[in-house]
Ligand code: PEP
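The chain below stands alone and is given in structure tokens; this is the form predicted alone.
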Amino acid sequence: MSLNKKSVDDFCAKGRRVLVRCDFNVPLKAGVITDDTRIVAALPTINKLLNDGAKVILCSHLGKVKNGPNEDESLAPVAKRLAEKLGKPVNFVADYNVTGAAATAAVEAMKEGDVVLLQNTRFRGSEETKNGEAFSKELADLCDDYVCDAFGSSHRAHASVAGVTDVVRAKGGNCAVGYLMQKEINFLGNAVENPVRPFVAILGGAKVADKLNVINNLLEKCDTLIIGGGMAFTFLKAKGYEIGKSLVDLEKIDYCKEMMAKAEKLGKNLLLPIDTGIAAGFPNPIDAPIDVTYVDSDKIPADMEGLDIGPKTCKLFADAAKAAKTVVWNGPMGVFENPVLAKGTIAVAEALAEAEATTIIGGGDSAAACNQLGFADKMSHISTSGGASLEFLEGKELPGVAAADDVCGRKKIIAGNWKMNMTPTQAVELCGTLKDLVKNDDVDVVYCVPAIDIVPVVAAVKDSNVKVGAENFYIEDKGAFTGEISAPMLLDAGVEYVIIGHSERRDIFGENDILINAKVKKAFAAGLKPILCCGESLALRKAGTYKEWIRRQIKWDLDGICACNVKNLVIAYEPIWAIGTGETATAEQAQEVCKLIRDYIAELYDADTAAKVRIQYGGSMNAGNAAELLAMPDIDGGLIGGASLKADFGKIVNYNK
């Protein structure tokens, strides 16, 4: 399983202000960081952006901040430690308002390669934790793009995790995930959805109620489910065993019976402790000396309490783990904070360290146990978050992941090029006619409209699946360029896409590849998504030199464009020879050139970049031939002319329905 979300590798950050949500919720003692694991985990993403020439703005929470902003939960110590790790200054904005005038000034003063760290996001209280719209906008106003690399907070729909993405995306910015998020989800995702078998899941911890959905979900995925820790006693009680004073959730007895019956029905192994370490009571303090004896799990005396798994269970669980090819572990086997009661947890950790398997530790107490016991470097992956990994194992969608832009393969893109048609009144009327006809979640739909129609069309398609594009723009932001329109104007009006290098602009208005190349660069720098057109005339087609011509166009038009931008490019192939000439391009001819373009992108860049570029067919696509054309492996959509002004445009968009 791969994380089908845009990553820091999928957009060009040079010169851009990139807000990165990190998880800097590190443990502090008297203002000193006692464990900087989470800071170190964020470094690959931060360094990637810095190396790309971004202006990196970091934000995070620290602690629960129950009594309002205070120095004990300031991120000042994080800024100091981060600067040491990066080997460069980190400008810490100490303002408790987080996004106030001090933050704005710090960001405005940034140069490429600078780092700014904002104050604790939870100092904004419920504005952060309740996903406040105003705070989300304030965060988004500081940046051009957003990256979530805080797996430990990804299960929280907070303003700095989820809300900010809506505003960034609305103004044309990228919303991506960082390397840590990728690593976390890819490890956990592969373990649960595509494991190398046998797949063993080990669950511990105190309460069944904490892992109800995890147990249910993992039973359907794994081959063996091991239950240890305090939660095991509710299962033992459900089997009719005497468990003495052991922890039990009486309301979940029936649930445990259901899960045991489900395991039997599915043919899954559900392993419970067969012997138990018992004592007269829970140690107080938790690390106090304690006398422990071991009995069979069905013979716990009424005045004793189960606090760890016994030696026979240690061997049972260890043997199952060592036989596995994939193991996920979440929760200790006993009161591991006490040296006498840590034997079960140690046995499991040792077994995983010795196993020839992919071993994934689900954060929280399990991660702490591995670190404390010195087994961390023997595990394939240790999650930075117990809560987020637990919700992932339940099968829940994490808000911090869901909020990032999708890159699920190459999504089809059908764009209408209205050319010089439609007054504003007619444009609004046409949008009303087409609005319901072009609904298709599997396709990106774009109306590229005349400049005078942009504002009314943006309003007309609001709350629909339709995006708005422009048919042209100029490379300067402002100035004495009568009749032209700039990228900032388009962005402010709500435009996302822009057509560049259309055959009519080349032939009628004399645009050459040098100007077209400058426009592509400007579009990417401004945050617009270019639809770059290329194609050959009838004379070139008949002469047999069309392949060389198209390669030359692509080479010139993409000169100096980095791979991370090209991955987000849309290329429209226009067979000029088949437009208004009486000639017809077959689906095979269109596929031949679209594949040629993709192969040449691979030569200029690499296979991964070529695989992500979307290539449209810009010839005479209509309701009758759309399905045939779009079935071709290298045709990812269409740039539609006259047919986009008719109801048939809906049939093209819904070619797969």
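Residue numbers run from 1 along the displayed sequence. As the structure is a computational prediction, the values presented were derived from the model and not from experiment.
Another form exists, predicted in complex with phosphoenolpyruvate; not displayed. Remarks below refer to it.
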{"property": "Distance check, residue 502 to phosphoenolpyruvate in the predicted complex, heavy atom within 4.5 Å", "result": "yes"}
{"property": "Residue contact check: residue 22 to phosphoenolpyruvate in the predicted complex, 4.5 Å heavy atom", "result": "no"}
{"property": "Residue 620 within 4.5 Å of phosphoenolpyruvate in the predicted complex, heavy atoms", "result": "yes"}
{"property": "Residue 574 within 4.5 Å of phosphoenolpyruvate in the predicted complex, heavy atoms", "result": "yes"}
{"property": "Output flag, 59, 100 and 106 jointly within 4.5 Å of phosphoenolpyruvate in the predicted complex, heavy atom basis", "result": "no"}
{"property": "Candidate from 263, 451, 579, 437 lying within 4.5 Å of phosphoenolpyruvate in the predicted complex - any heavy atom", "result": "579"}
{"property": "Proximity to phosphoenolpyruvate in the predicted complex, single hit among 174, 136, 417, 517 (heavy atom within 4.5 Å)", "result": "417"}
{"property": "Segment that reaches phosphoenolpyruvate in the predicted complex - one of 37 to 45, 611 to 619, 591 to 599, 61 to 69, heavy atoms within 4.5 Å", "result": "611 to 619"}
{"property": "Residues of 623 to 657 having any heavy atom within 4.5 Å of phosphoenolpyruvate in the predicted complex, listed in sequence order", "result": "639, 640, 641, 642"}
